[in-house]
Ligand code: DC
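Single chain ahead, by itself, as structure tokens, in the form predicted alone.
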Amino acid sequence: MSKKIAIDGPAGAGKSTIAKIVAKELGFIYVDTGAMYRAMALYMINNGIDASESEKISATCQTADITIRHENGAQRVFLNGEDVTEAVRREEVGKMASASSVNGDVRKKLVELQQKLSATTDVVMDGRDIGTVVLPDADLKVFLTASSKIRAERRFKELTEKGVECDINVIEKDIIDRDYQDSHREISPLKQADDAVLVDSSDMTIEEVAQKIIKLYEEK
């Protein structure tokens, strides 16, 4: 039986960073669900489908096979057998992913593909609905959060280090707005699974959070 760890939580809680560390230390595969949505978007672009053509998106997504493998220590994304790791990072693909990810059929298809991947591989997956929808049978479910103030401070630091001018109050307002949208959306809203362990990372370092999750897993 493959092992599964689900990490859910709001934007800016550090889910991806933590999930990658946990996966590496346990020898699991980190499943980048965002990259899978981008691969689906690339498939739409390759088929000449526009973001506004929801019926065509619904029909076309059924023939996409998307999986993630680790080769030489790096994550590679495959679309119908072709390595598209670099191609999915293009700007136009990101825009298409934002538009196509709201399509219920796309979400349903990707959940199927994510479940298929986790059936044969030890995985760490992060997102908004992993413990509630994608991996309801996960061996460990974590709901990772931090105060909006702390998440805004982290984002502010990240942006200013890149030389981007920004206002911390605007960043915090955006985070609060996104939390509301994510938890009130119709399809797969952000919520803590009943059997998930709440981990508040507000006063913890990245390494401390990762070690706590590994300890929780080992205790299971």
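Quick note: we count residues from 1 along the sequence shown, nothing fancier. Since this is a predicted model, take the numbers as computed values, not measurements. Definition used throughout: the rigid core is the maximal C-alpha set that superposes within 1.5 Å between two forms.
Heads up, the form predicted together with ligand DC isn't pictured, but that's what we're talking about next.
- The partner is absent here, but in the predicted complex a heavy atom of 185, alone among 70, 56, 173, 185, sits within 4.5 Å of ligand DC.
- Of the listed positions (77, 113, 97, 146), a single one reaches within 4.5 angstroms of ligand DC by any non-hydrogen atom in the predicted complex, namely 97.
- Picking from 191-199, 156-164, 42-50, 26-34 the stretch near ligand DC in the predicted complex, with a 4.5 Å limit on heavy atoms, gives 26-34.
- Contact annotation: residue 151 falls outside 4.5 Å of ligand DC in the predicted complex, judged by heavy atom distances.
- In the predicted complex, ligand DC sits beyond 4.5 Å of every heavy atom of residue 85.
- Residue 121 falls outside the set of residues with a heavy atom inside 4.5 Å of ligand DC in the predicted complex.
- Contact between residue 128 and ligand DC in the predicted complex is found at the 4.5 Å heavy atom cutoff.
- Taking a 4.5 Å heavy atom cutoff to ligand DC in the predicted complex, the one contacting residue in 69-89 is 89.
- If you fit the rigid core between this form and the one not shown, you'll see the Cα of residue 136 move by less than 2 angstroms.
- Once both forms are fitted on their core, the CA shift for residue 30 between this form and the one not shown remains under 2 Å.
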